[in-house]
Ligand code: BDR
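Taking the form predicted alone, here's one chain by itself in structure tokens.
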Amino acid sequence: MRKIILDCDTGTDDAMAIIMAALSKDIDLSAITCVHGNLPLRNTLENTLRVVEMLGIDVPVYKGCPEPMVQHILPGRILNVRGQQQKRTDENGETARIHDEYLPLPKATIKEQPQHAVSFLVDTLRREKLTVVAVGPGTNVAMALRMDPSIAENIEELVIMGGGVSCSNISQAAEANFFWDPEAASILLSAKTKVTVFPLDATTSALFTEADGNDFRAVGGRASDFFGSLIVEFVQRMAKVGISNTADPDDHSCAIHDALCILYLIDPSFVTDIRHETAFVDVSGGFADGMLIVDRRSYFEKIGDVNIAYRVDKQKVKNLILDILQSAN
């Protein structure tokens, strides 16, 4: 079993990642740490607690950083960003957003742990080796690595959802997780350990429809029903906001971004294109703030152990999800 800490900003796809990690017999989900992201920390924390309680699992949840490391110091830093908020107002004056404030689950009755997520990461990684999966802005993990760089020796693998080599979403150049804390993303890519990145290139190469969501719901059980409903509702929200991951503006099938990072640890064979790259993140504060940059010049040596996934097999991903959901019943 892969023992992991999952660091997330729980919304739709983070919830899918939690479900996959909790249900898989190949994953030992030892803790979840929460960070700011597309939603404020109060929302991502509450959403995490709701999912954990729905699953009935005994996994501690830690509250982490409410804002990026330094991005907010300069108030004009993101003035050049066009279209941060993915929302649309319809003819009735109602505003649809790609991320709801809270997941459609009962308000959590369980509570987070008293220790801060960053100090928990440092304390834990000083004692034991495990895998860290970071599927939100990298603030918590990056702060831990800054507090004690030696903990990288105990990170067996750092799996990241973030960036886009030829894709972007939250800005004209960047993916949301890297955009919300570019400095943190840069620190993660330079960590002295094996780093595997699932950027938008990979995650949007396997798109899921309402029919796929209903296939997952048909497995039966509360977790399967919720997992499938997340996809159905995500597709519907994308249609309302007017987002398409393809050249067809009427195609609103969704990516399950964060869940791929967990599934990769279970069976990486669905990744059909992964490359050892030299990668950086733009932190200049201009139009490209948070952009993932890959240096492929042949006359420079590669830096670090960064592996970037570019494409996955959708059918293999779907079959793997079905296997996990069915085995949990």
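This structure is a prediction, so every number in the text was calculated from the model and none was measured. Position 1 is the first residue in the sequence shown; the rest follow in order.
Quick note: we don't show the form predicted together with the named molecule, though the next part is all about it.
Student: So which of 170-178, 70-78, 125-133, 220-228 is the stretch with heavy atoms within 4.5 Å of the named molecule in the predicted bound form?
Tutor: Result for this chain: 170-178.
Student: Should residue 43 be classed as touching the named molecule in the predicted bound form when contacts are defined as heavy atoms within 4.5 Å?
Tutor: Residue 43 lies outside the contact set for the named molecule.
Student: If you check in the predicted bound form, is residue 257 within 4.5 Å of the named molecule, heavy atoms only?
Tutor: Contact check for residue 257: yes, within 4.5 Å of the named molecule in the predicted bound form.
Student: In the predicted bound form, is there a heavy atom of the named molecule that lies within 4.5 Å of any heavy atom of residue 118, even though the partner is absent here?
Tutor: Result no; residue 118 lies far from the named molecule in the predicted bound form.
Student: Mark residue 192 yes when one of its heavy atoms lies within 4.5 Å of a heavy atom of the named molecule in the predicted bound form, and no otherwise.
Tutor: No, residue 192 stays farther than 4.5 Å from the named molecule in the predicted bound form.
Student: Using heavy atoms only and a 4.5 Å cut-off, determine which of 159, 103, 206, 200 is in contact with the named molecule in the predicted bound form.
Tutor: Going through each option in turn, the one that passes is 200.
Student: Just give me the residues of 4-21, first to last, that have a heavy atom within 4.5 Å of the named molecule in the predicted bound form.
Tutor: Contacts from 4-21: 9, 13, 14.
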